[in-house]
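Below you will find one chain, with nothing else, as structure tokens; this is the form predicted on its own, and questions on how it binds or moves follow later.
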């Protein structure tokens, strides 16, 4: 809230260096006005803006997020960077809607370096809309603790979501290059199924041979391991790719895929040592 009692939203914009930032710069030198509470971050390409950037911004108190890039088919790095932004924002809006956040709090626009007036108009229009919505969670009727829990849940799933939807996120189709077509890339039912059926992976201490095969192949070092000790999946690091499941020999079948149920508690310290038959004498 401002000193006059008027709500001033916290708004963050991530805009590409080559076009949208140029438009913002022209807006400034031309003295076109837009709210000073909109903070801008320059990135080299709108395609570099990630789902995690947006969810972390909301989790840290942002009331709205803006993504700005070059006009479609005019990306300054390749013809596909802004397509990546378009599909990413489409997915992000559906994820926000799934957890009860108004997707209007996220906006994507193309602005060229010569469109200073248009940049100011977009910022003023977006700011007015967010002022009317009010603080994040208020218009949605979500309490702060619950809001943070929902944002955290999706944030943890982002690597898995990106992995499962990589083909759609990489879609670069000029025939669908308008916002409405990309808006329909992901359905609400698709998002719900994706999140509700997100798996977890657990290593059975009774079957683990402490061979470190799964740990060696895990792409994110999410498996706590040591030779001849029961391995444990660090659920905080795990991206749910299933590499550990395929790495574990079918002879042992120590890795279990769990869907729709909690993961068993960590292995107690007194059970982490693996007792192989050929090592019993040495023990």
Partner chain sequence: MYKEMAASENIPQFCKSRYENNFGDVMIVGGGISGIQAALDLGAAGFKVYFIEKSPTIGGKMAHLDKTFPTNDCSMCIESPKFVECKRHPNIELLTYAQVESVMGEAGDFTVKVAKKARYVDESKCTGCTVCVEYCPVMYPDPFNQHISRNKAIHIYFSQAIPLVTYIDESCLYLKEGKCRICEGVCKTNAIDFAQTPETIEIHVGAIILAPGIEAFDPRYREEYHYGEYANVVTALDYERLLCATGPYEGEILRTSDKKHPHNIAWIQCTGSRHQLEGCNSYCSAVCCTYTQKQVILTKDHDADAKCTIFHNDIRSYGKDFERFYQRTEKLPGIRFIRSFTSIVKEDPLTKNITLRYSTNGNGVKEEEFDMVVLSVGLAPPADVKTFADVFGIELTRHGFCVTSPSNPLETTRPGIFASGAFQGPMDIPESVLSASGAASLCGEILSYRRGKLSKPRAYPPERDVSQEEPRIGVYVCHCGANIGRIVNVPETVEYSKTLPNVVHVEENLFICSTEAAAMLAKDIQEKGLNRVVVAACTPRTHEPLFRDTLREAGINPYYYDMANIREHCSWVHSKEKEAATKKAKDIIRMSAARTCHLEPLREFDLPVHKAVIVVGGGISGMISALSMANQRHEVHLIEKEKQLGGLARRLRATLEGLDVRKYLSDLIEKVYRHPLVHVYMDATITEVTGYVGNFVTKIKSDRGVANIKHGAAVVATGADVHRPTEYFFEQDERILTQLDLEENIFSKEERIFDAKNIVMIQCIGSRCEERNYCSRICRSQSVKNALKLKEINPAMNIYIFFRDMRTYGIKEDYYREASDRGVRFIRYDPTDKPVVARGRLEDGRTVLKVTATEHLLGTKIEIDADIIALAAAIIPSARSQEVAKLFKLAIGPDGFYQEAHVKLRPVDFAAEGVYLCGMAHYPKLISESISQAYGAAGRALTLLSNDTVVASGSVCAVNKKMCIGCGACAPACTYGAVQLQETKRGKTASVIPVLCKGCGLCNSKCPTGAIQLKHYTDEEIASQILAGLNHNVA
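Being a predicted model, the structure only gives us computed values, none of them experimental. Residue numbers count along the first chain shown, from 1.
The same protein also has a form predicted in complex with the partner chain, omitted here; what follows describes it.
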**Message:** in the predicted complex, does each of 154, 205 and 237 have a heavy atom within 4.5 Å of the partner chain?
**Reply:** no
**Prompt:** Just one of 190, 129, 146, 80 has a heavy atom within 4.5 Å of the partner chain in the predicted complex. Which one?
**Reply:** 80
**Complete:** Checked 43, 230, 254, 223 for heavy atoms within 4.5 Å of the partner chain in the predicted complex; positive is 43
**Asked** Just one stretch in 197-205, 103-111, 182-190, 163-171 has heavy atoms within 4.5 Å of the partner chain in the predicted complex, so which one is it?
**Response** 163-171
**Message:** How about residue 134 - does it come within 4.5 Å of the partner chain in the predicted complex, if we only consider non-hydrogen atoms?
**Reply:** no
**Message:** Please determine whether residue 49 contacts the partner chain in the predicted complex, using a 4.5 Å cut-off between heavy atoms.
**Reply:** yes
**Prompt:** Is residue 245 one of the residues lying within 4.5 Å of the partner chain in the predicted complex, judged by heavy atom distances?
**Reply:** no
**Asked** With the partner left out of view, is residue 17 within 4.5 angstroms of the partner chain in the predicted complex by any non-hydrogen atom?
**Response** yes
**Complete:** Applying a 4.5 angstroms cut-off on non-hydrogen atoms, the residues of 216-253 near the partner chain in the predicted complex are 216, 217, 218, 219, 221, 239, 241, 243
